[in-house]
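Shown below, as structure tokens, is a lone chain in the form predicted alone; questions about how it binds or moves come after it.
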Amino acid sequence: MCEANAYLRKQGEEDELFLEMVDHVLPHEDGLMLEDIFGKRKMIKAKIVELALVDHKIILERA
């Protein structure tokens, strides 16, 4: 499996799970559109701060 889990980084706190089994990350004029393997989509105004592909993690930070 090639999907990753997306986490939202909060200052001084543990990363919070935002969306599991992310298959697509698409840039959008309002931020990022993340889509999981089942077609569920979530939009977030954030930037990618880290991609840990071996660990299957996408770390996001609110813009």
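Just count from 1 along the sequence shown to find any residue number. Here the structure is a predicted model, which means the values were calculated and not measured.
Form predicted together with a further copy of the same chain: not shown, discussed below.
(message) Although the partner isn't part of this model, could you tell me whether H24 comes within 4.5 Å of a further copy of the same chain in the predicted complex, counting any heavy atom of the residue?
(response) Flag for H24 set to yes.
(message) Check R62 for me: does it contact a further copy of the same chain in the predicted complex (non-hydrogen atoms, 4.5 angstroms)?
(response) Answer no; every heavy atom of R62 is more than 4.5 Å from a further copy of the same chain in the predicted complex.
(message) Is A52 part of the interface with a further copy of the same chain in the predicted complex - any heavy atom within 4.5 Å?
(response) Yes, A52 is a contact residue.
(request) Answer yes if any heavy atom of L17 is within 4.5 Å of a heavy atom of a further copy of the same chain in the predicted complex; otherwise answer no. (result) Outside the cut-off, so no.
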